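First, one chain by itself in structure tokens, the form predicted on its own.
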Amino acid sequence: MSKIRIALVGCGGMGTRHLYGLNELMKTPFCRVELGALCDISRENAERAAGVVEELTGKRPSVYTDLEEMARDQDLQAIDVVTDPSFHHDVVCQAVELGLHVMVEKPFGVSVGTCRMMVDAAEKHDRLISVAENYRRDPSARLARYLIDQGVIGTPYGAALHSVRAGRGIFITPWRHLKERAGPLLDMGVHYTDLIRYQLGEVREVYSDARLIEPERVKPESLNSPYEFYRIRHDAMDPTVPATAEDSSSAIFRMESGASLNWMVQMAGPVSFGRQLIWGDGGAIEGFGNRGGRIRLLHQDGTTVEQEDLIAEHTDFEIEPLANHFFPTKVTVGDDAVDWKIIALEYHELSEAILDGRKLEVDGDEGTRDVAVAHALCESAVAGRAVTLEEMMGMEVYEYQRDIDQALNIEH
């Protein structure tokens, strides 16, 4: 088998973005993936996505509203799960039971418990799970990791990750403000917890304050999006929607290395600001790396070195062949297709894992740890104390997430 056949399950806005990503991969000589079919509980969404595929490739895939029927009809090796996160565990567990490998959009699950359900099911049926966590795959993140590993900033002992956005507007879709559907601190937070763990190693404990600032969200007056699904969803939104998930957090992370990180992530309130820094006893890096972002090196004498100059200086810094094909300058700032290209990297990794045994970078365990650290923000706030990653992974601290599981009728 030289290629894998994959089906997309979940044909909303993010699912459409994945189709554009797969199209980017199909245009390269590296492609070992072909699209077999589309599946969504809404046939309207699936047919709309099929139209996108037809426009991009000239071929219209078959559409389904039932996963088992699709698996029976199509010769598939894997599915790409891009549903609402509160359905991930149902779809992933069913897929691996049907003998399919899985790529699943972040966050891996809505709770540590649902993540463990998926990991256990995959292990039982000897299937692979890859979590589509994309920020770390940008060359800026790879370069930051390289500089840390090379000792360019000495031993890291401190870091800060601040992302504060003002306002009461709905963030993309209303479900992102509901506790049982992920909430912003999980939906966006896992991007950051994954980056923190990628650059600084494992988290030991988290001490946090988390709260809901805006219990009602307001529909934005307009939406500038290239994706038809998001535009249709925006037009159909109510003027206001309830919010039940925490939208503000401040925390201290203690890492296993002994380093500490100051965290501030908020999607509410009157102010906006943000900065990311990692510092050691020999210098600092501004930025953890990000999709379409850049980093720079800060010397102790106050001078700075930009990403382009760092790449020119460190001639042994390399990225994987497909990433180098997409980003030959190793800088993605200004690349309008960077989102799609990084999704293409995720598809390519899955194909090589299935066909060649390549190790998945963000597998089920890694995805679970990202979710555990993100949920530690609210679990710590509820418990009124620092919580350890060991407690989170063992579900020993679970008061906040228990409400989510109960709302979804999940028992452990």
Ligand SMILES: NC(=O)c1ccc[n+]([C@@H]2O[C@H](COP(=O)([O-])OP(=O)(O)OC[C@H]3O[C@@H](n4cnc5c(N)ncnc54)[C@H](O)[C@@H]3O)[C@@H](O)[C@H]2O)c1
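Note that this is a predicted model, so its numbers are computed, not measured. Start at 1 with the first residue shown and count on from there.
The form predicted together with the ligand is left out here; the points below concern that form.
The ligand in the predicted bound form reached by all of E180, R204 and L389, non-hydrogen atom within 4.5 Å: No, none of the three is in contact.
In the predicted bound form, segment of 239-247, 104-112, 298-306, 252-260 with a heavy atom within 4.5 Å of the ligand: Correct option: 104-112.
Listed residue (R197, R127, R233, R145) with a non-hydrogen atom within 4.5 angstroms of the ligand in the predicted bound form: The residue in contact is R233.
Heavy atom of V91 within 4.5 Å of the ligand in the predicted bound form: Contact with the ligand, yes.
In the predicted bound form, G21 touching the ligand (heavy atom, 4.5 Å): No - in the predicted bound form, heavy atoms of G21 and the ligand never come within 4.5 Å of each other.
Partner contact for I404 in the predicted bound form: the ligand, 4.5 angstroms, heavy atom: Outside the cut-off, so no.
Contact flag, F317 vs the ligand in the predicted bound form, heavy atom cut 4.5 Å: Result no; F317 lies far from the ligand in the predicted bound form.
Partner contacts in the predicted bound form for 56-89 (non-hydrogen atom within 4.5 angstroms of the ligand): Residues within 4.5 Å: V82, T83, D84, P85, F87, H88.
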